[in-house]
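Let's start with one chain on its own, the form predicted alone, as structure tokens.
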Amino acid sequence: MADHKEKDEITGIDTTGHDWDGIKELNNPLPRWWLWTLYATIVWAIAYTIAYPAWPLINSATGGVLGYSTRGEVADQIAAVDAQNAEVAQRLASADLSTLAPDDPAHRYGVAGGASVFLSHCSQCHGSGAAGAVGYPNLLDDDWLWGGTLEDIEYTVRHGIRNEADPDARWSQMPAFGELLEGEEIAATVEHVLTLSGKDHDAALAAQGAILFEEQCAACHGEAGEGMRDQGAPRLSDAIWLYGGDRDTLTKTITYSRFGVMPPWGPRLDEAEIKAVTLYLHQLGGGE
């Protein structure tokens, strides 16, 4: 390639020897300011990787000689805010929620803080707006399986439901009636459950199912399907269904049962956070 280098007749600048269909590349030097800028950025990059966390290692990264950390900065900011709110947070932690007035600063702090707690820890299952999903209760209505008072909500948040981590967790279990009843009996029971919520049904089968329902289901769900909150047994006489109220879903529920689990948040949240999220949930509209 060097053998083809020559001076450009027009500019008098050496060529690189490259030739594309008669077009020759000039060997123009880079501007000095551009080169110095490049060298400065290289020096800056090396200095930056030495001063700040940069190079990934197997289990961590280099810490940097300055010891700076964005996580540490955020932690310091959080600690500063916590220090500012320490007094009102302590008031909330020691308060009796049933007597805490809505205009009390601790109540307002709790509702605002509870929204953050909910979004961080609860929205993954109950949705960002607390409207729930299939298998995860809607927290905006009055159909609370274990009660919607402040006391009930706080207990549920603290201990959870049907988990093995907390001995005080709320606990109930629906039998899998597929092991106890024949398919025809389950079908008849489904038709009766459909009558309880005013849905289209087979009247003849529903009459048979009423007897089975009274024998097998009424002890928890009530004779009229009104439910039993102490047992976490849902109301069957309204249009609110945790897993679905159509014929196919009811058949699956009765055959195999349901067993929703909620973790206990007592070990993960402090007292103020538990009471804050309780206040937040209660004031959404469904709490009683």
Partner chain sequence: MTQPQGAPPSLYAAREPIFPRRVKGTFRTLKWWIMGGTLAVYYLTPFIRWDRGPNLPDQAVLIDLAGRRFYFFWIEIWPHEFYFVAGLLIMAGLGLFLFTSALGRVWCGYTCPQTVWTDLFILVERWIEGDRNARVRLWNADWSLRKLRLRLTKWVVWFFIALVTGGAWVFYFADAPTLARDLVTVQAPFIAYSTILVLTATTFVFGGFMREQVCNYMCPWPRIQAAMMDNDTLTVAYRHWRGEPRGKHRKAADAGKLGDCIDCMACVNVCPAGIDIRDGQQMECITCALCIDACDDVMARIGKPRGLIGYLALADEERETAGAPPRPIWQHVLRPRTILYTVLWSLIGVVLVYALFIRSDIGLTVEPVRNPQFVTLSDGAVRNTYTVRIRNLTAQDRTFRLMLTSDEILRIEVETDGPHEGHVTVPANETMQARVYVTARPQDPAAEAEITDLRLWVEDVGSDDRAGVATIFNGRG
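C-alpha atoms forming the largest set that superposes within 1.5 Å between two forms make up the rigid core. A quick note: this is a predicted structure, and the numbers were derived from the prediction, not measured. Residue numbers count along the first chain shown, from 1.
One more form of this protein, predicted together with the partner chain, exists but is not displayed; see below.
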Only one of these stretches, 53-61, 244-252, 29-37, 259-267, has heavy atoms within 4.5 Å of the partner chain in the predicted complex; which one is it? 29-37
Note: exactly one of A176, A207, A131, A79 sits with a heavy atom within 4.5 Å of the partner chain in the predicted complex, namely A131
Taking 4.5 angstroms as the cut-off for heavy atoms, does E271 touch the partner chain in the predicted complex? no
Contact of N138 with the partner chain in the predicted complex (heavy atom, 4.5 Å): yes
Using a 4.5 angstroms cut-off on non-hydrogen atoms, would T16 count as touching the partner chain in the predicted complex? yes
Answer with yes or no whether V65 is in contact with the partner chain in the predicted complex, where contact means some heavy atom within 4.5 Å. no
Residue shift check between the shown form and the other one, rigid core fit, D270 Cα at least 2 Å: no
On a rigid core superposition, would N28 pass a 2 Å threshold for CA movement between the shown form and the other one? yes
